[in-house]
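In the form predicted alone, a lone chain appears below as structure tokens.
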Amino acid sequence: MLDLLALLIVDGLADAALIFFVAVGLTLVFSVLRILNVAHGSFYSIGAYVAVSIGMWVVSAGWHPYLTFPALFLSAALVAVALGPFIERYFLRWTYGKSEALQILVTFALFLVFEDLQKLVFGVQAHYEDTPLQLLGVSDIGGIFYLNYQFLLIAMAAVTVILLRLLIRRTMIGKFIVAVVADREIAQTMGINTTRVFVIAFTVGVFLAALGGALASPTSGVAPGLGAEALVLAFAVAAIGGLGQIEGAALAAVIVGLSRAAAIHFAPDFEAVVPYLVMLVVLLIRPYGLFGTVQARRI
């Protein structure tokens, strides 16, 4: 029984780690830009595609296979630098202060465009490159074999939570972000360059989503539709934790990850709906999420 519990915890936390990366990027963008970015799932899948492509290139070129690990982070950085500032500047900036419906339509249009572009560039076949997974191997703990890559994912998610909190609380850009989130107009009157804050926040959000996709690629590969699946899960996690709440996204990801792992082991038919059942229960009890609060709306 204890062995099964340990297996559920490891599987659930590893799943939670991947969900957390895309969900925390979504909630960061919403907290700063006040835009519910429907295109966020595309950054996850693009990060996965780029990671697989770079990893396959490293292996085929005969380079040291351990270079596939930095390739995962490099792919996320490339996606963030290439898409983050460009999308914020030319597609999102003019929607600030406009209706939520317009913002959702714009980001949904971007999502559809990116989905088709991925099919044009990478094809419709599934891609798989699991060198990082194979290199780390497995560990025999109590007669049960665990993928060491799962422990890496859990550690990476924990480090990301710590780094985000340090970014927000201990750096100048973090203080600017807090000021903009609290009151955008007052932040502007104090001399804060809100345009730069928006670009940085959105680019970091893109990086986190792309990193989640890159880290997920050795475990599940990448195929068309991956972005939509990640987006729906990210919305569920963000809603459970409370939109704009980093700690809420972390806790909600753990809850959803453990719930999915339990469903896979005990009731596989319900695995797909468990995250949304959890979301339904939480929102019925706390409509603004676990860490969300009621906020006054300026009209």
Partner chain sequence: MKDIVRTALGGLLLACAATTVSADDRPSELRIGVFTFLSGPAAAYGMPGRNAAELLIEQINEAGGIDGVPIVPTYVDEAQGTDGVITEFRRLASDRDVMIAALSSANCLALAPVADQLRVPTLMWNCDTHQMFLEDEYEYVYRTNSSTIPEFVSYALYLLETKPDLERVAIINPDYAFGHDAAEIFKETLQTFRPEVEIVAELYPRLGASSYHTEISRLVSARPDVVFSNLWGADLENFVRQAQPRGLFQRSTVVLALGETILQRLGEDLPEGTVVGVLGDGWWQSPTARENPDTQAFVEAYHERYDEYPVFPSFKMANSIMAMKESFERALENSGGTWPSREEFVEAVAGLEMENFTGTLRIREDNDGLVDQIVGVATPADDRPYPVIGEMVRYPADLVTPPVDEDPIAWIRSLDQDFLDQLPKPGSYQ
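By rigid core we mean the largest C-alpha set that fits within 1.5 Å across both forms. These figures come from a predicted structure and were not determined experimentally. Positions refer to the first chain, counted from 1.
As for the form predicted together with the partner chain, it is not shown, yet the points below apply to it.
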Self-check item: Of Q188, T195, S220, T171, the one that lies within 4.5 Å of the partner chain in the predicted bound form (heavy atoms)
Solution: S220
Practice problem: Just give me the single entry in I162, I144, V121, V178 that has a non-hydrogen atom within 4.5 angstroms of the partner chain in the predicted bound form. | Solution: I144
Practice problem: Kindly indicate whether A126, D130 and P268 are, all three, within 4.5 angstroms of the partner chain in the predicted bound form, using heavy atoms. | Solution: yes
Quiz item: Want to guess which of 26-34, 245-253, 51-59, 268-276 is within 4.5 Å of the partner chain in the predicted bound form, heavy atoms only?
Solution: 268-276
Quiz item: Might A39 be said to contact the partner chain in the predicted bound form, defining contact as any heavy atom within 4.5 Å?
Solution: no
Quiz prompt | Close approach of T95 to the partner chain in the predicted bound form, 4.5 Å, heavy atom | solution = no
Exercise. Tell me, yes or no, whether L231 is in contact with the partner chain in the predicted bound form, where a contact means a heavy atom of each within 4.5 Å.
Key: no
Practice problem: Find out whether any non-hydrogen atom of Q150 is located within 4.5 angstroms of the partner chain in the predicted bound form, and reply yes or no. | Solution: yes
Quiz item: What residues in 167-194 sit within 4.5 Å of the partner chain in the predicted bound form, counting heavy atoms only?
Solution: none
Quiz prompt | Large Cα shift (2 Å or above) at F270 between this form and the one not shown, core-fitted | solution = yes
